[in-house]
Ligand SMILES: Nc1nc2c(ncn2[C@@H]2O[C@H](COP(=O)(O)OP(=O)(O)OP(=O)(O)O)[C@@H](O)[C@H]2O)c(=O)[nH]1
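What follows is one chain in structure tokens, specifically the form predicted alone.
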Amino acid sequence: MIERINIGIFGKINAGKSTLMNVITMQNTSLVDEKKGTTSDVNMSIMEIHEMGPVKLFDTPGLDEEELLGEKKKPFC
């Protein structure tokens, strides 16, 4: 098993986390839309980054999710 550095992308809803994930991976890894709360689950991508080596990137839902589902997720954040 290859050891990888874990990198999480965290921030508010519609801050551009999924867009950043897609730019870093150079592919459509995460769904991007203007609608708030498009990312509802963590998206993960495995890749290599020069000077760092093997990494796992995690695109997360917004930390300020206000819907009922967001309230249910808070204990896990």
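Start at 1 and count along the sequence shown; that's the residue number. Quantities reported herein were computed from a predicted structural model and do not represent experimental measurements.
Just so you know, the form predicted in complex with the named molecule exists too; it's not on screen, but the next bit is about it.
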Query raised in the report: Does the 4.5 Å heavy atom contact test between T38 and the named molecule in the predicted bound form come out positive?
Result: yes
Query raised in the report: Using heavy atoms and a 4.5 Å limit, would one call E48 a contact residue for the named molecule in the predicted bound form?
Result: no
**Report entry** the named molecule contact in the predicted bound form: L31, any heavy atom under 4.5 Å
**Finding:** yes
Query raised in the report: Wondering, does P54 line up within 4.5 Å of the named molecule in the predicted bound form on heavy atoms?
Result: no
Query raised in the report: Which residues from 7-31 come close to the named molecule in the predicted bound form, meaning a heavy atom within 4.5 Å?
Result: K12, I13, N14, A15, G16, K17, S18, T19, L31
